[in-house]
Structure formats: C-alpha cells, structure tokens
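Just one chain is shown here, as structure tokens, and it is the form predicted alone.
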Amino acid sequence: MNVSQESSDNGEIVLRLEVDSERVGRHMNAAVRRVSQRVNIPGFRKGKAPRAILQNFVGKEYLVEEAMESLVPEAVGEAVREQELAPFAPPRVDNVEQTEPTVTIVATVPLRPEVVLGDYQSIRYDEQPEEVTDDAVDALLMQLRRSQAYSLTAERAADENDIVTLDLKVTADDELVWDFEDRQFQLNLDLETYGEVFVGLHQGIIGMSVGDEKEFSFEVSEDNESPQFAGRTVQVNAHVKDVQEEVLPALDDALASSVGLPEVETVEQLTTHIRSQLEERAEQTFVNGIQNRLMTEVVEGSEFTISPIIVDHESQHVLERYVQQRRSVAARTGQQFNVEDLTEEDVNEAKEIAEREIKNSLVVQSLVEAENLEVSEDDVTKEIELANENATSEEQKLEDNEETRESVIGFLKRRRTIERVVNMARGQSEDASAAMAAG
C-alpha cells in the first residue's frame, strides 16, 4: 500500500492511500464468504453458491461495498500508523475511488488542536464584590425566625404573611388553569420572589375573612415567564375557609443557640456569622463572574487551530447529553424523546457548545503550562484525604495510587492556575496568589 500526504491545513492531514490488488482481493474474497452466509439462492445451500452466481444475484456493487466495510478502516488505520500520526479524533474517510484492480482512499486525519494564548497577564478588572447590607443580614435572620414560627387562628381579615386555606378557581382569558379545594397559601407581596401572578392573587385575598367569597381579576404582562398567564387577564374566584396568623419567635440568644453552631450562642455572634457567610458567598459569586469574564476574554484573544472533524465529533457527545436530558423530562409526563426529534437548531447549538468547550479546555491547559505551578506530594495527599472525608460511600473514596495521584496533580494545577490568573486580573499581589494556592 502506497501512502502520501496531499496537504496539511486547519489542524488536519489529508492522506491518499493506494491499496494494492492483492489486499483488495483478500477483502473481496472475505466479503463473498460473509454475503454467501446471509443470502438464500434457490438451488444452493447457504455458502455453497459459486461466486459468479452470487455476484449475479446480489450485484457486484453490493459485494464491493461489503469489502470496503472491512478494507477501508484497516487501510486507514495502517496508514495512520505508518505516517506516525496521532489522531485527536477518528479519521474521516472523504472518498473511496473504486478502480480495478486497486482502490484509492482519501482520508482526513484530525490532529491535536493548538492554541496561541493572547496577553492574559495584562487583563485587569477593578470591580469589587457586592457589599453585604444590613437588610440582607436581617432577611436571613427573618428566614431563621420563620423556620421556627407557629400559627394561631386569626380573628380578623387576612393580612400579609398570614396562612390562608381556601377554595380557588383561576382562569386566564376564560381558560381554567387552577381548580383547588382546601389549598393553603402564605400571603406575600414580594414581587421579586413570588412573581406577578402570585402577588396579584395574594393582593386580592388580603382583606378577606373566613367565609368570604370574592371574584377579582388582574392583568399579567406579556413577558411573564409562565406561558399560561403571559399577556392575559387572570380571573379569580376565592372562598376563604381559614386564616392563620404567623407567630415568630423572638430574636434572642435562645434562638441563636438553636442554630446548633458551637461558636454561636448569642444574637451578636449569630449576626456576625451570617454576615461572614454572606460575604463569603458574595466573594465566591464575584470570583466566579470574574473567572467567566476572564476565560471569555482570553479565548477571544487567543488563536486556535482546531479541525472541524474534532468539533463535529465532540458535538455528538453534546447531542447525546441533550437526548438523555430530554428523555428524562419526557418520561415524567409519560412521553418519549428520540434522536430523530433533535432539530437543526439543536445540532447547530451543539456545535457551538462543543467548540466553546474545546477552546476553554485548550486555554486552561495552556495557562497551566505557562504558569507552571508546582504541586507537592503533601498537597496531593491532603487533597485525597479531604476527598475521602467528604465521600458519602466507600465506592466514592479514592484509592491512593499512582494513577489517582497523577489525576489529582492535574486537578490541583488547573485549580491553582485559574486562581492565580483571576487574582492577577483583580490586581492582587503574588503573596495573595501564593496564599490561595497553598490553601
């Protein structure tokens, strides 16, 4: 077999293979044997018909196609090894020129993608994490009080935060949406949390007493996230059967101690703990946002060489995830979802996601190589011990062996590299980066 490289472009090598007649003949003979075992030819037992009769019966093209199914992958695989290439994804067969007595195959081999990093070291972000306000702390203290609240029958009309039991019919433009009996609601007018449909419903119920029946309506905006209500008039028929008043425990040291944290015994300590937790959350949210922006900017400023074959190959994995997710969703309603239900939009979106994931992976690996951070054996041991402490079952625990340690080294290098470049973008010192890496 003669092999030549015709061109090299876009992270690919194009191979032209000229397969000799002897190899073609072997695969044709094997194809004849396989086909003869599958077909019934009148007057002959399976596998016993002469080749000429079999060829007349199924057609020469059928036999050639059968031979190519074994010949092509064998020849391409051998050619890749002979040329000492390292495909990053399965090679693509572009053309099979069926000539006699030889066969010519053109195949494209996708090579490992490459990236030239942009100037990531000069990227700077001057923003700071969102400040934790007293209102945010008070809101969590109120959540804690409400988690331990109890209710008493209210001898008055329903008000905000009361718990009401009612029969309820809700229609949207005369289409019945809800029909409930003895349904409980806690009345709340927080639009951001509950949305305009529930706030509109609760507004209409506030002021009603036990035994009251009331009809009311309200408009819902066009951009409401619920298609049942968006842009429609909601009509409500409500019959209140019970009104319970929420009774909150006092915000005192007893409530603080009930949280169950050893370091929290007083309201002051509880308030400090909550503020600290919110600040940590704000910092993490901020860092995640900076990391996403940084990665996007680095990707946009870098140059990539990626074979389209690799993108297509990875997009198939994305589509497989789509199918699994949608099958799971469909199963909940007794429906089915098949590969054939994927749309052209799904395919295009999968390619975009695959290309983005490939580029992100290339950038991270290149950053790791550029920063070249060290990971000690003690660091690896501590990480394995921490993972095993947090494991919820024996199966999840890591075995401390060479393979595991290599994997953990890679994980720690990626994590610490990202931490360093994020700190760099925030203008933090090398000491701060070193401290985070040590953690």
Partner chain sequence: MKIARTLIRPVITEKSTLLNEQNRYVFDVDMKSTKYDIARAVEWAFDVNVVSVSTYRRRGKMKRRGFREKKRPDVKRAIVTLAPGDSIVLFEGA
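What you see is a predicted model, and the numbers here were worked out from it, not measured in a lab. Residue numbers count along the first chain shown, from 1. Rigid core: the largest C-alpha set superposing within 1.5 Å between the two forms.
The following text describes the form predicted together with the partner chain, which does not appear among the structures shown.
Asker: Taking 4.5 angstroms as the heavy atom distance cut-off, pick the stretch from 366-374, 46-54, 408-416, 381-389 that is near the partner chain in the model of the complex.
Answerer: Contact-bearing stretch, as computed: 46-54.
Asker: With both forms fitted on the core, check whether the Cα of Ile41 differs by 2 Å or more between the shown form and the other one.
Answerer: After core superposition, the C-alpha of Ile41 moves 2 Å or more between the shown form and the other one.
Asker: Superposing on the rigid core, does the Cα of Leu63 end up 2 Å or more away between the shown form and the other one?
Answerer: Leu63 C-alpha, core-superposed: shift of 2 Å or more.
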